[in-house]
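Quick setup: one chain, the form predicted alone, written in C-alpha cells, and binding and motion questions come after.
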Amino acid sequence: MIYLDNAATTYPKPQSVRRALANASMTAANPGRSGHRMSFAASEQIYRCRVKAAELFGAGSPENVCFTLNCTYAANAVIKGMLSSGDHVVISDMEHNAVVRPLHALSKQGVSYTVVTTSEDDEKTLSAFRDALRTNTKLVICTHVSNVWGIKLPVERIAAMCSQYGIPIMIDAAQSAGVFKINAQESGFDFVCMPGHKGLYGPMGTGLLIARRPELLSTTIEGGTGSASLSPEQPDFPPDKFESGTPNYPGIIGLSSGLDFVKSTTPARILAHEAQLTSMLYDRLAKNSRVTLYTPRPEKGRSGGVLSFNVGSYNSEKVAAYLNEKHGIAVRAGLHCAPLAHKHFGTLETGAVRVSPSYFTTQNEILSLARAIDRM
C-alpha cells in the first residue's frame, strides 16, 4: 500500500511513538488521582508533554496546554465555551465542519456568523475579514492551512488585525501543527486547536488546545479533575478547568514522543520535504490534459502538504476507488468535511481527489501515483 492520506492521519508513525505507546499501555496508572508512585510517575510524564507542547507552540505556560480527544473537541471547547446569544463570529470560507457545525448549532440559540471569501491575494483576504467585523463580533476563526487545497491563510496578519480591535482569534491548526512554525504568544493567537495524530505524528484520540487566554472560556464539560475535590464547582484554573475525567495516558505519552520527533526533525525540514513532493506531483499532473488543478503551483511557505485535483469527468470517489483497487494507493476523495472550501472552487458536485504526503513519503511513491493516473 502507498499511503497518501496523511491529512486524515499520518502513517506510518515513527518507531519511537510506537514504542512509547506500547510501554505506556503496560505501565499506566491514573495520573493525579492517587498518592502512590505509579500515579505520580504518570502525572510527571503528562506534565512533560505539556512542557514540550508549550515550548513548541509558544503557549506561554504549560498550564495553557489542554489535552483533548482531537482537534474537533478543542474547537468546540472554544466556540461553545465562549459564545452566547447575540454574539457574532467571522470565519473563512476554508473552514472545516469542526467549526461550521458547532456554529450552525449555536445559530439556533442566537449566535450569528459571517463567512469571509478568501483570495490568493493576502491583502484582499485581510480586507475581507476587516469588513466582516461588527460591533458584536466576539470571535474570529481562521484555518491555518486548508485541509482540501493546502492553501495557507495569512493568520498572523489576521491576528494582528484582531488585536487592534480587541477581538480574540482562534486558529485551526489541523493541517499546520508540526509543519509550520506556530508561536501563539508571538503571533497573538488566543486559541490554537490541533490534532495529535496528524502532523505531530502521535496516536489517534489525542489533540491539543493551546489556550493563551483561558479566562475567556467557560467549561463545556465538568467532572473529576483530581484537584479541589471538596468543591462542587469546576476548578477555575487551567488545565484542570478543561480536563475532566481520566486522561488518555497512553495516547498522551505517544503524543509526547511525536512532539520529540517533530522537534528533532524540525517543522522546517518536514515542510520542505512535503512541499517538494506536492510541487513535483503538481508539475507531473499539469502535463496530463485530463487533470484539473484548482490552485496555483504549491510554494514552500505558502502551501501545506495537501494537493487536490480531479480527473476528466470522473467523480472523485471513482478515481480514489480505482487507485486503491488497481494500484494499492490510498488517497481521499469527496468533500473532506469542508463543503465551504469546495464551494469556493466549484467542486461541490464532484468533490476532489486529495493527496497528502508525510515526512515518510518518497518521490517514487509520488511518481507511482502520477503514472497510475496517466493510465486511467
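Here the structure is a predicted model, which means the values were calculated and not measured. Quick note: we count residues from 1 along the sequence shown, nothing fancier.
Not pictured, yet referred to below: the form predicted together with a small molecule.
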| property | result |
| --- | --- |
| Proximity of Asn64 to the small molecule in the predicted bound form, heavy atoms at 4.5 Å | no |
| Touches the small molecule in the predicted bound form: Lys241 (any heavy atom, 4.5 Å) | no |
| Touches the small molecule in the predicted bound form: Asn147 (any heavy atom, 4.5 Å) | yes |
| Contact test in the predicted bound form: Ser92 vs the small molecule, heavy atoms, 4.5 Å | no |
| In the predicted bound form, segment of 166-174, 215-223, 248-256, 289-297 with a heavy atom within 4.5 Å of the small molecule | 166-174 |
| Of Thr72, Ser303, Thr118, Thr278, the one that lies within 4.5 Å of the small molecule in the predicted bound form (heavy atoms) | Thr72 |
| Contact assignment for the small molecule in the predicted bound form, among Cys162, Val155, Ala98, Val78, heavy atom within 4.5 Å | Ala98 |
